[in-house]
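Okay, here we've got a single chain as structure tokens, the form predicted on its own, with questions on binding and movement later.
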């Protein structure tokens, strides 16, 4: 999470809203360990990584939905057997769970 702070501080200085996505659980093989994080601002800019690129675009879409009030903070699951996860490239055979929430200043 520390590597995200410079970008989050820069976004905060401009008044941008930010969502944080964190890996909270993996089952089987996963691209990143629990604790891996990524931040997304309301313009769609990204810092950090939760999957090494496998599901980042889907996470951005989820984060933007939360920031725009279209969805609540929540746990999102991606796995090999999940059609959506396969579509975004999670082919490592495991399951990852991410908690995505708006960052309150």
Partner chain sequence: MYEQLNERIRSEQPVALVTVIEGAGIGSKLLVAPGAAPLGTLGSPELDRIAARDALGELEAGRSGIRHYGPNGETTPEDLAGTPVVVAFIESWAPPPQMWIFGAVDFTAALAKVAKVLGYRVLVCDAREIFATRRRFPMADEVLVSWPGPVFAERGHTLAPRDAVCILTHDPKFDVPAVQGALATTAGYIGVMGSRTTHATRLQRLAEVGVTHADQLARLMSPIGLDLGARTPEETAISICAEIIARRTGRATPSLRDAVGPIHG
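Residue numbers count along the first chain shown, from 1. Treat the numbers as computed from the prediction; the structure is a model and nothing was measured.
Not pictured, yet referred to below: the form predicted in complex with its partner chain.
Q.
Please determine whether residue 53 contacts its partner chain in the predicted bound form, using a 4.5 Å cut-off between heavy atoms.
A. No, residue 53 is distant from the partner.
Applying a 4.5 Å heavy atom distance criterion, does residue 57 contact its partner chain in the predicted bound form?
Close contact is absent here: in the predicted bound form, residue 57 is far from its partner chain, nothing within 4.5 Å, heavy atoms only.
Can you work out whether residue 43 and its partner chain are in contact in the predicted bound form, taking contact to mean some heavy atom pair no more than 4.5 Å apart? Residue 43: no contact with its partner chain in the predicted bound form.
Residue 17, heavy atom within 4.5 angstroms of its partner chain in the predicted bound form = Residue 17 lies outside the contact set for its partner chain.
Suppose contact means any heavy atom within 4.5 Å; which members of 6 to 27 contact its partner chain in the predicted bound form?
Stretch hits, in order: 6, 8, 9, 12, 22, 23, 24, 25.
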